[in-house]
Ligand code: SPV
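Starting off, we have a lone chain in the form predicted on its own, written out as structure tokens.
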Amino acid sequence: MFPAKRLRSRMAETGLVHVMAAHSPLSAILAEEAGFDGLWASGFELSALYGLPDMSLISMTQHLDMLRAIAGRTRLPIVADIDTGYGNAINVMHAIGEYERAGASAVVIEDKTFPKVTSLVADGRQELLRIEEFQGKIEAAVATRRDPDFLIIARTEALIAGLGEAEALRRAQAYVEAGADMILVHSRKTDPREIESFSRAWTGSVPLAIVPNAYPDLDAERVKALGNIRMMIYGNYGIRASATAMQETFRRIIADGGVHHVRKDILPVEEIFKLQRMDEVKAAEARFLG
């Protein structure tokens, strides 16, 4: 079964899939090892990896390079975060072809103007496209995909932009009419009631996806009770966990004047060898190098 079909099947079987953000093949391997249903090829995490803000500064080529590398090291379906689609509907058509070929099972396109600003930054510029223009992007994406199981997920930033639930619902319904397979609704509020209210008000024919970064109290049990959310994307936890561990370790090494204390608190190099599948390499060496 191809990954895109597997992702759809997993949603149908379990009612809710858990998708972890990844910014590298190593983070993807660790997410698969932990038991996640899929991966979020995160623009935010890749931007952070480059030490850049999430403001459309990372190119499609850079993002595709990451996605191809991840697809080569994991069996999990990949949901690609393609921001605004890198331009207008014509750019979206080009992007869909490239992301399908690179190994994505789904894309998420958001209804902001290009260049975008990350959703959760305080006082960020949050400008939305006209509904009709974004509908054109969704229609272009649907018309371009080759695999009918490849998911086109429309992300509305109406709540992020402070436009209210009614506008978010209006936009979401318009995107479904344009052919979107799912709606991702996003919020910056720390209380999940805004998302729960949207979910209860949603009468559209497609399921919802959420990114519970700002409102971590909305766990899987509460989400399942709502009934129409099928995907939870953990959008920046991988890079934050990585940065936390590196920050603490590096500071301890400087404070201790060496690695004699910190070495016992980090993975032994043999565990990294396992993640790198060094046993397979050694077996191949024994077989083919004589």
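These figures come from a predicted structure and were not determined experimentally. Residue numbers here begin at 1 and follow the sequence given.
As for the form predicted together with this ligand, it is not shown, yet the points below apply to it.
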_Please determine whether residue 161 contacts this ligand in the model of the complex, using a 4.5 Å cut-off between heavy atoms._
no
_residue 120: touches this ligand in the model of the complex, heavy atom cutoff 4.5 angstroms_ = yes
*Taking heavy atoms only, is residue 235 within 4.5 angstroms of this ligand in the model of the complex?*
yes
*Interface membership of residue 111, this ligand in the model of the complex, 4.5 Å heavy atom rule*: no
_Just to confirm the contact call: exactly one of 140-148, 90-98, 71-79, 210-218 touches this ligand in the model of the complex at a 4.5 Å heavy atom cutoff, so which is it?_
210-218
*Counting only non-hydrogen atoms and a 4.5 Å cut-off, give the residues of 11-42 close to this ligand in the model of the complex.*
40, 42
